[in-house]
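Here we start with a single chain on its own, the form predicted alone, put down as structure tokens.
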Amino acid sequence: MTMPLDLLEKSLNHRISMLLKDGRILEGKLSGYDAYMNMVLADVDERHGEEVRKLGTLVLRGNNIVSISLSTDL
């Protein structure tokens, strides 16, 4: 079994996709994280339905995340 923080360590400097509690999907390059799974993401795209917004760099609180996966280029 892979532990979540081990997976984040392997995902540093790679694009990941995250589903948030409110239904939005964020895709960006993982720049950093902490033990609480708070994350720093660069070059972030936010998807909500058909709408896509460029957000740039952001800090995301870990308790808002439902799932994380490696992103595929769209």
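Numbers for residues come from their place in the sequence shown, where the first is 1. Keep in mind the model is a prediction, meaning the values are calculated, not measured.
This next part talks about the form predicted together with a further copy of the same chain, which is not shown.
Among heavy atoms of residue 20, some come within 4.5 Å of a further copy of the same chain in the predicted bound form.
By the criterion of a heavy atom within 4.5 Å, residue 61 is counted among the residues contacting a further copy of the same chain in the predicted bound form. Residue contact check for residue 12: one or more of its heavy atoms lie within 4.5 Å of a further copy of the same chain in the predicted bound form. Though the partner is left out of this view, residue 65 does reach within 4.5 Å of a further copy of the same chain in the predicted bound form, counting heavy atoms only. Counting a residue when any of its non-hydrogen atoms is within 4.5 Å of a further copy of the same chain in the predicted bound form, the hits in 30 to 55 run 31, 32, 33, 34, 36, 37, 38, 39, 40, 55.
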